[in-house]
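The chain below stands alone and is given in structure tokens; this is the form predicted alone.
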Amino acid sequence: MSDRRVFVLGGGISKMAAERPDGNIRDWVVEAAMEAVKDAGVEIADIEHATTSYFSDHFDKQLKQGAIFHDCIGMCPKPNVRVEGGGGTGGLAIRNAYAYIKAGLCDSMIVYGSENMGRHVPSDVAQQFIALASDTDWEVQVAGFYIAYYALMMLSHMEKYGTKEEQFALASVKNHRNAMYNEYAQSPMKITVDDVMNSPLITSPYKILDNCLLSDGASCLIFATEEWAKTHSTSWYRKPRIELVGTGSGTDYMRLADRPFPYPGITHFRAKKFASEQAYKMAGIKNPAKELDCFEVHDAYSGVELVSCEDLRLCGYGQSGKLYEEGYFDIGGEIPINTSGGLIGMGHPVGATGINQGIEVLTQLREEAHPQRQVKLTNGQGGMDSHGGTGTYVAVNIFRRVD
């Protein structure tokens, strides 16, 4: 591997919302890109390459939407590629930027992502679109919407480890609470476990407050080599330097029933274990719970966060429920999870979600977060995990402050 180092120079994010009537998806991408350019202290005309991150052509009824985004932010005629991996799209787009810069195909890249998933389409239609990301010949005929697969996984975790519904409700309480201190978040709320438990049942064991949100929104990150940054970024000498030091990717069979037993079975995310071990090895991390200061986890549902923490080796198998009761993953705990509010509190415009996670880690490592959600930096390292399907595609990326 080349010795070229990849730095993240800046990030920009639009307000996440259930509906953005103040514009369309193009406007949100421009909004996020302009903020990222300002944060990075660069000129858009100097950036050499782009990666477009979005999930669905259905929501916006527009094929090849990346070309429009690219045009709208002023990047034509420079190169652009689209990355798509369901809910893992944003995380994979960041990995793509790393690969392109590391390989020498460019010295700088802008990564932008968005999704138009709010109330412009009815919720049941949106759920049908999302269900098309599972195996339509086999799984959709049996389970229908995605929540059924995740409910089945959580029931298996409860049966295997004795995990309680109140324990994974704590993830929702935490993430809505963290979102209260994030100005871009869609669902900041002070709620209790009882509120989650008493909210309407969707698919047992998940209630409505266990779920992430359908969202409108966009986000953007800018990456570059050190040499490019020294020449083109006015923020290089005045802001903490954050390096992308590890990236991993994993996959698993699309159909839950095809996955090997006993591990992962229908309980765990084998692809997360595979992806995270690659990323940790690249970053030189041996004990992630001790060596990382924060982690953004793909909490499509509250229980998914608990299972993910186990497969990402942030705690032992079957231990997550008890540790949530002890505040292990809270701000001020051993390894704070989803300080942004996560998908549950922040929102989940799919193509933007993984990029949102990267921006949150960047913000935390620069110590620029709201004081109520700023973590204490011990090692100056943070991670993010995003996944598509039921852990079918996974990307894990690790960032480090190096000043």
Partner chain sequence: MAKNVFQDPEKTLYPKLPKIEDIDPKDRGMVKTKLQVFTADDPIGPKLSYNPINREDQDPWKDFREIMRIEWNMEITYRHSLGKYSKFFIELENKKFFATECPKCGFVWAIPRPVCPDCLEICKWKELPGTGTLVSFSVSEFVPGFMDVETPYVLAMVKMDGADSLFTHQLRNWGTERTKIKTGMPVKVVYTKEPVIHPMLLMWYEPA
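Residue numbers count along the first chain shown, from 1. In this text, all values refer to a predicted model and were calculated from it rather than measured experimentally.
Heads up, the form predicted in complex with the partner chain isn't pictured, but that's what we're talking about next.
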field: Proximity to the partner chain in the predicted complex, single hit among 236, 274, 328, 253 (heavy atom within 4.5 Å)
entry: 253
field: Interface residue in the predicted complex among 73, 279, 92, 209, criterion: non-hydrogen atom within 4.5 angstroms of the partner chain
entry: 209
query: Does the partner chain come within 4.5 Å of a heavy atom in each of 43, 83 and 332 in the predicted complex?
result: no
- request: Give a yes/no on whether residue 228 approaches the partner chain to within 4.5 Å in the predicted complex, heavy atoms considered.
  value: no
task: Indicate whether the partner chain has at least one heavy atom within 4.5 Å of a heavy atom of residue 191 in the predicted complex.
output: yes
- request: Please run the contact check for residue 35 against the partner chain in the predicted complex: heavy atoms, 4.5 angstroms, yes or no?
  value: yes
message: Would you classify residue 317 as touching the partner chain in the predicted complex, given a 4.5 Å non-hydrogen atom cut-off?
response: no
- line: Partner contact check in the predicted complex: of 47 to 55, 352 to 360, 26 to 34, 333 to 341, the stretch with a heavy atom within 4.5 Å of the partner chain is 26 to 34
- request: Using the arrangement in the predicted complex, list in sequence order the residues of 133 to 156 with any heavy atom within 4.5 angstroms of the partner chain.
  value: 137, 138, 139, 140, 141, 142, 143, 144, 145, 148, 149, 151, 152, 155, 156
